[in-house]
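Read the single chain below, which is given as structure tokens and is the form predicted on its own.
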Amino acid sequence: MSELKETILHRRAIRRFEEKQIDEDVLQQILEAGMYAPSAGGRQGVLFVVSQDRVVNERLGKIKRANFRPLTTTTNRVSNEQPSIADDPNLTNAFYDAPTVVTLFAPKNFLFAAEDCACAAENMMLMADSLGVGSCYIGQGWMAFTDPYGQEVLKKWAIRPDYYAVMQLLLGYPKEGDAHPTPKPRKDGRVLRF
């Protein structure tokens, strides 16, 4: 099996991280993978804002959590192995205490802004996994910036007003025993051929 296929089959969302910060050279490789992701029209419009400030990440994660309205039920959960904020009301930080949070921003009025961010995030998650770093894609990124503190952070980061936070990518070393939750069997009938 090729190394790429092995990484694709191996990668899992991680929601429990060690406190240890990821190494700078590892972070640079992950960011480079995101920068080389496909983008509509080759625009390369995605901004990657890296925060390794625990106080900022925790506060933004709590703001995002406070603005999140779960849609799951006892039979419709995101994860039993590593519950998400949609599954567990006791989780107070939407960033799960990840030591590195990368917020992906994109132009507000570009048709494929969200898709460009998703492509970049997937590249980054695969690179992270290949380097022993856990990751978790968190959608609806703008929720972290809806209050005055979030607006202050956007100003501090000098985010252009015509950009918005599409999503966050959480990065960190998985806690012992959480490196790779057991994969769920693939569902049949998802490939249709005519």
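Source: prediction; values computed, not measured. We number the residues from 1 along the sequence you see.
Note that the form predicted in complex with a small molecule isn't included here; everything after this is about it.
**Student:** Test of understanding: in the predicted bound form, would residue 137 fall inside 4.5 Å of the small molecule by heavy atoms?
**Tutor:** Close contact exists here: in the predicted bound form, residue 137 approaches the small molecule to within 4.5 Å, heavy atoms only.
**Student:** Consider residue 11 of the chain shown here, and say whether it contacts the small molecule in the predicted bound form, taking contact as heavy atoms within 4.5 Å.
**Tutor:** Yes, residue 11 sits close enough to the small molecule in the predicted bound form that at least one of its heavy atoms falls within 4.5 Å.
**Student:** Are any of the heavy atoms in residue 84 no more than 4.5 Å from a heavy atom of the small molecule in the predicted bound form?
**Tutor:** Heavy-atom contact with the small molecule at 4.5 Å: present for residue 84.
**Student:** Answer yes if any heavy atom of residue 105 is within 4.5 Å of a heavy atom of the small molecule in the predicted bound form; otherwise answer no.
**Tutor:** No - in the predicted bound form, heavy atoms of residue 105 and the small molecule never come within 4.5 Å of each other.
**Student:** From the candidate stretches 35-43, 137-145, 55-63, 151-159, select the single one in contact with the small molecule in the predicted bound form, where contact means a heavy atom within 4.5 Å.
**Tutor:** Among the candidates, contact is made by 137-145.
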